[in-house]
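First comes one chain, alone, set out as structure tokens in the form predicted alone.
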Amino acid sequence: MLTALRDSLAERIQARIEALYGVSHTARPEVPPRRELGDLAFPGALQLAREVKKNPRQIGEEIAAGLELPVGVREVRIEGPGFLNFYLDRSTFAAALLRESPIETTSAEGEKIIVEHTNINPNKAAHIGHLRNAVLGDVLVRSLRALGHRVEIQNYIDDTGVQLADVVVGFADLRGMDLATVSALPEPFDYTCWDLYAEVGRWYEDDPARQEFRRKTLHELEAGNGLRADLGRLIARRIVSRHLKTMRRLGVDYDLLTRESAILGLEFFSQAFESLRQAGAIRLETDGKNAGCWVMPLAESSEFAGLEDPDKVIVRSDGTVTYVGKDIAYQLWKFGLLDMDFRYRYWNEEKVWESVLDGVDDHPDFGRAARVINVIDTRQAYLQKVVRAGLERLNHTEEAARSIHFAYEMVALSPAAADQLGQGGATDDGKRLEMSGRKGIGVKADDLLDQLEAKSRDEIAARDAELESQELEERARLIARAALRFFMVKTTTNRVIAFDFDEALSFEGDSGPYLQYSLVRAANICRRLSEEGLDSEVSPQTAAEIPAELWDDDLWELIYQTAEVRDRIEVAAESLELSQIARFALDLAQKFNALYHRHPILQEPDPDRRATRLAATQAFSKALRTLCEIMGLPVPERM
């Protein structure tokens, strides 16, 4: 709403400047640093002074003299050296907030954006670090869709890679199991593979010659034939099914599971490889450590300057394809730059599609994006640069520029959390526990969620001992989801975060449950008003008639801030710094809870003053609910 008002003012100001001085000026009104300076301020008179050779104060007065103010703007004042300070009609503005959605979501149209996130190797259970990727990706998707963008969510399944190969080796060579035996293993299958993956790593260390089993397995996985390929397909499918269940606990969904085996089996990589070879972007090394490998030389690129070995292997000497080689082909397909497509089918009973070698004809139109955002941790920054370099070498410079790496730092555990999860002795210098799948050190995502739900149950039961078990379980589930999702979003992406149970579950601190509690408190006010026979809702018409003097400045500050929801989400999505949404939501909640004590509603006898405070509460609830929806935080009816 505030954006639309600023745009309307900007258009009128620009037209006035054009009429007065015959010049074009595109500056927009800004939010001033202090509310006493107005609700919006235009500094353009200072910028125009040199161009039109007039005193800036005189320019400001001339612009204001004939300026028609849009509905909702009460007056304009000339302040200081020529600022145009605009003051809103508070009651009219509040009424509009109650009438409209905090963020007007239009139907998705225009150019498609692909967001690829989660991307867990299908070799073991998801761990806490994967959750940051999935939550950040999901919040980005929710933000973009709320802003009216057409978004496709993809989850890349690396079902021909080294990690899966090692689990196949574990079952086939270390434990001597056949396909039927592995198929009959009970759930949680991903937990079994978690332990086996670490065991295989130690097995290799005892005798490095055993890595020949890995090389043999990689060949069979890529070719798609043989017992090892059958084992790989079985393991990957069982693991991905478990991953999908884990992500559903957090409210994370996908449109397409893109399987790496389909990229190879449908010869996407073969076409990409041939294009790279013909363009001279890769070469076959005949000597040195990369002899027999196809590499992409990158020494001449400024992005890779200073690297000790700037050549990136695309195809190994044994003929297997590296991860980045397959990812270049995948990125080309995302932009519609390959003259081929996947086949598709539903993933079992799940309402999500997967790429396959032979599928159905009736399916959505996947790929062909105008922009691609890959959510991958900061350690993959080099490989993402190589992918972009591959596109540039094929003269797809615009697509390379629109290949965006959404990078983030890793997740660790605080010493207290590590101790609660039985990993206390493994913390690094007593500060935090960093995880290693290869060593089997880490916290499984489902274990973490189970712990959060248990802690939530304890907290709820302590407050309401009479609560029925089914309601207790449901509330605990909603609070745990909010606690974890908010914890993953609230920290800036350039910081490693150390997860702590007490911090995440606090009802008072910077937490998801605190936001839930604030909304429940607002809803309880309305419920109690209704129980006492008082108006529990202020209509837009009633809000428009509130006397101006009843809008105390702190109430107005809350109202004004709720109008910034769209702007804040837009800035966060464009900058890929989604913590801004979390911080904004916290600030709103803190302002509301402070006002709750300074401006009580239930005890206020004057109906007009009560309506003013209730209108502010309604505007707050609408805004915070919208922000919670964007962050994926469910709101229970009671806490």
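Keep in mind that what you see is a predicted model, and the values were worked out from it rather than measured. A residue's number is simply how far along the shown sequence it sits, counting from 1. Whichever C-alpha set is largest while still superposing within 1.5 Å between the two forms counts as the rigid core.
What comes next is about the form predicted in complex with the RNA, which does not appear here.
Shown without its partner, this chain lists L69, L46, V52, A64 as candidates; in the predicted bound form, only L46 has a non-hydrogen atom within 4.5 angstroms of the RNA. In summary, among the residues R345, R528, R74, R249, the only one with a non-hydrogen atom within 4.5 Å of the RNA in the predicted bound form is R528.
Within 4.5 Å of the RNA in the predicted bound form, a heavy atom is found for every one of R34, E308 and V496. Judged by heavy atoms within 4.5 Å of the RNA in the predicted bound form, the contact stretch among the candidates 311-319, 93-101, 364-372, 223-231 is 311-319. At the 4.5 Å threshold, heavy atoms of N290 reach the RNA in the predicted bound form. Taking the partner from the other structure, the RNA in the predicted bound form has no heavy atom within 4.5 Å of any heavy atom of T26. Residue contact check for N121: one or more of its heavy atoms lie within 4.5 Å of the RNA in the predicted bound form. Proximity of S539 to the RNA in the predicted bound form falls outside the 4.5 Å heavy atom cutoff.
Looking at 478-495, the residues that come within 4.5 Å of the RNA in the predicted bound form, counting any heavy atom, are I479, T491, T492, N494, R495.
D253 shows a C-alpha shift below 2 Å between this form and the one not shown [criterion: core-superposed Cα displacement of 2 Å]. The rigid-core alignment places the CA of E205 less than 2 Å apart between this form and the one not shown. V162 is not among the residues whose C-alpha shifts by 2 Å or more between this form and the one not shown once the rigid core is aligned; its shift stays under 2 Å.
Annotation for the pair V520/L505: C-alpha atoms recede from each other in the predicted bound form, by 3 Å or more compared with this form.
The pair L505 and Q618 is at least 3 angstroms farther apart at the CA level in the predicted bound form than in the present model.
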